[in-house]
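Before any questions on how it binds or moves, here is one chain, the form predicted on its own, in structure tokens.
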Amino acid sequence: MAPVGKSYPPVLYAVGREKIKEYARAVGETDPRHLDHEAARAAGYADVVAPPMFAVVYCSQAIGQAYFDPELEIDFARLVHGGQEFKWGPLVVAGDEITTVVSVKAIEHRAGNGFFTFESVATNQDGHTVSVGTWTNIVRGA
């Protein structure tokens, strides 16, 4: 029986200022709110603001639990990225502590390929949901 609905233990990620700046530079962000804590504070934020797709960074350890779950039998040699969708909550800033829980949303087999869909729910230290992600991965058939 496929483990649809299975959840993995929560993973805590402490958001660091330098990590946000590194990520922002890596993806070509130029908005000073991502790169300069004084500009972010002048704009009303406690510290530098994470670009939206920084969610991939703070969710990565949590989603990794599912990817490496032997019960799912994901063949990494045949794994391709299928897609991601996010719904956003409050902005993530340096100093936040984000807890992410991942669950198996669906497993389907079509045309000889496996479709694995996971959901991540990330919550900040104040209990606000900062992102809900849907992660689809395809394992190509042999």
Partner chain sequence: MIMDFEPGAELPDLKVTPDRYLTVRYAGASGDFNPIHIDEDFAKQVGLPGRILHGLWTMAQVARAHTEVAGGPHALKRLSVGFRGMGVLEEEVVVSAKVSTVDEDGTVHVDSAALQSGNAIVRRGDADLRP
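Numbering follows the first chain given and starts at 1. Just so it is clear, the structure is predicted and the values come from calculations on it, not from any experiment.
The protein also exists as the form predicted together with its partner chain; that form is not presented, and the subsequent description refers to it.
Among the residues 85, 73, 108, 38, the one placing a heavy atom within 4.5 Å of its partner chain in the predicted bound form is 85. Of the residues given (98, 104, 49, 62), 49 alone sits with a heavy atom within 4.5 Å of its partner chain in the predicted bound form. Mapping the unseen interface onto this chain, residue 17 falls outside it, with no heavy atom inside 4.5 Å of its partner chain in the predicted bound form.
At a distance threshold of 4.5 angstroms between non-hydrogen atoms, residue 42 is out of contact with its partner chain in the predicted bound form.
Within 4.5 Å of some heavy atom of its partner chain in the predicted bound form lies at least one heavy atom of residue 31. When contacts are judged by a 4.5 Å heavy atom cut-off, residue 22 counts as touching its partner chain in the predicted bound form.
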